[in-house]
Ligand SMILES: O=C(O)CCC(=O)C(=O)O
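Consider the single chain below, provided in structure tokens and representing the form predicted alone.
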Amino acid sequence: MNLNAAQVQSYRDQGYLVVSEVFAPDQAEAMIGHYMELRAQGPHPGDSGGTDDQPDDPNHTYPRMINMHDWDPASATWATRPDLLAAVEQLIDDEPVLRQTMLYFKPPGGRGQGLHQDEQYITTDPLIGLWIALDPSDAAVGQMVVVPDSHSQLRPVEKADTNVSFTRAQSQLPPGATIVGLDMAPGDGLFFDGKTIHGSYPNQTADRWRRSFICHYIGKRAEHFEPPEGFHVGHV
């Protein structure tokens, strides 16, 4: 996968870029089987089903997994595929270092995540996310949504509505913000800047999942920063 100049410029202008078939559809299907098997094995370090004030949220039954690359060789292989690293390097203009992996299951009826910036969690810049759809992702299942051109600065945080978000914090949206939903097919990838506001809404279906494989990378020359008071999820 080699990104062209127009794709790189679009990412830098808008703060995100969707690329079709970053993983082949049959590979996405195989990844579903792999992660469902891992989930069935029981708890893993860092599992999170979200806030406990919504005990009926099925995310509690299928909690998010994190940093699977530390203990699952397949996850490590997928997250460090040479062509992925090359694409990330094009976008951040720095040698990429894998910082984090996650697997979200989002079963039917599962809550989404309040719109946020990843640098409100991981205080390192540059930071880039790669979100891979494993199931068809559309509005009904709580597709990924982004706020274009929101990556110029870190935003303050505020409390999220935990009726719809499995996390307690979200970004304060800039004035006039436009929220764009992204329809994605299995294997499609979303690259997004660490300050791009993004998130999702609940899965409104009774029989469809929205599983996704997520990687975060930092630049080799990346720098840690101390967020001002009120600009980190830990401040809510």
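Since the structure is predicted, the reported quantities are computational estimates derived from the model, not experimental observations. Residue numbers run from 1 along the displayed sequence.
Just so you know, the form predicted together with this ligand exists too; it's not on screen, but the next bit is about it.
Contact check for Ser165: every heavy atom lies farther than 4.5 Å from this ligand in the predicted complex. For Ile214, a non-hydrogen atom is located within 4.5 Å of this ligand in the predicted complex, even though that partner is not displayed.
Although the partner is absent here, Val88 is not a contact residue: none of its heavy atoms lies within 4.5 angstroms of this ligand in the predicted complex. The closest non-hydrogen atom of Met144 lies within 4.5 Å of this ligand in the predicted complex. This chain is displayed without this ligand, yet in the predicted complex the stretch 111-119 from 89-97, 150-158, 76-84, 111-119 comes within 4.5 Å of it by heavy atoms. Taking this ligand as positioned in the predicted complex, none of the residues of 1-19 brings a heavy atom within 4.5 Å of it.
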